[in-house]
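First, one chain by itself: the form predicted on its own, in structure tokens.
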Amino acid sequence: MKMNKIIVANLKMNILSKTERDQYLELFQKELAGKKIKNCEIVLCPPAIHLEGFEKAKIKKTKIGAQNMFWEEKGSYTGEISPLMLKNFGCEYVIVGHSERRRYFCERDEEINFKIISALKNRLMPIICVGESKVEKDSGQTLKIISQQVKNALEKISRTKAENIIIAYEPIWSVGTDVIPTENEIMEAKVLIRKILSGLFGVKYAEKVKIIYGGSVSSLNVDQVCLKPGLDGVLVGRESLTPHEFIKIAEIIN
């Protein structure tokens, strides 16, 4: 059975006020109105402070996700957000292990693994980001880094959970730039990830895991980074802040 594609909007630390949020949601609904996007799941991941506002907006044809979470369900963890909180405020997805979390907050593979286990336990679908830096790429370590990150992220994960997992190949050297990998580079990463998944879960279950691309995605390059390499969708950063562009990306993939 063919899986629907998935288009994820990572709004990062943007939308600074209620007014901005309302304007964004109004514009997004206008852009989406009348569009026949039947073969794609659209997921909006706003800053946590806006989750309730996005849930109340109830935009048709969209789901809500979070940009991060802690692995404990409740307790004395000042400043953190639990999977139960996310679930209770309408989230169905959560981004885990984004390169910016690894870079600025020193998140380790072990912590990312804890988050994935907790997300699955609480019926949240983790969007797991993996990818290499420019230094790692230039030194020929791309395959090694991706392999390490995927295996560590999925440690102690049962194969029965495979259909609830999304892997986002997100080369760090492409995030926030206009430099994107070639079609062959993305295909190589996809084949490697699928091979690792097959080793962990078996071929039957590995095929249920969606593999998507993230890193400077736009309507101009989505064919190269998603459609031609045969990926299952995209994780969109900068362009998700412009509803017209984001919906255009969704239409092309659809």
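Bear in mind the structure is a predicted one, so any value in this text is a computation, not a measurement. Throughout, we count residues from 1 along the sequence that is shown.
Not on display, but discussed next: the form predicted together with 1,3-dihydroxyacetonephosphate (13P).
Contact check for N113: no non-hydrogen atom falls within 4.5 Å of 1,3-dihydroxyacetonephosphate (13P) in the predicted bound form. Contact annotation: G237 falls within 4.5 Å of 1,3-dihydroxyacetonephosphate (13P) in the predicted bound form, judged by heavy atom distances. Shown alone here, S216 lies within 4.5 Å of 1,3-dihydroxyacetonephosphate (13P) in the predicted bound form, counting heavy atoms only. Although the partner is absent here, V150 is not a contact residue: none of its heavy atoms lies within 4.5 angstroms of 1,3-dihydroxyacetonephosphate (13P) in the predicted bound form. Residues within 4.5 angstroms of 1,3-dihydroxyacetonephosphate (13P) in the predicted bound form, judged by any non-hydrogen atom, belong to 216 to 224 and to none of the other stretches in 216 to 224, 45 to 53, 183 to 191, 198 to 206. Taken together, the three residues K35, E41 and P243 lack any non-hydrogen atom within 4.5 angstroms of 1,3-dihydroxyacetonephosphate (13P) in the predicted bound form. This chain appears without its partner; in the predicted bound form, the one residue of V175, L86, I117, A162 with a heavy atom within 4.5 Å of 1,3-dihydroxyacetonephosphate (13P) is V175.
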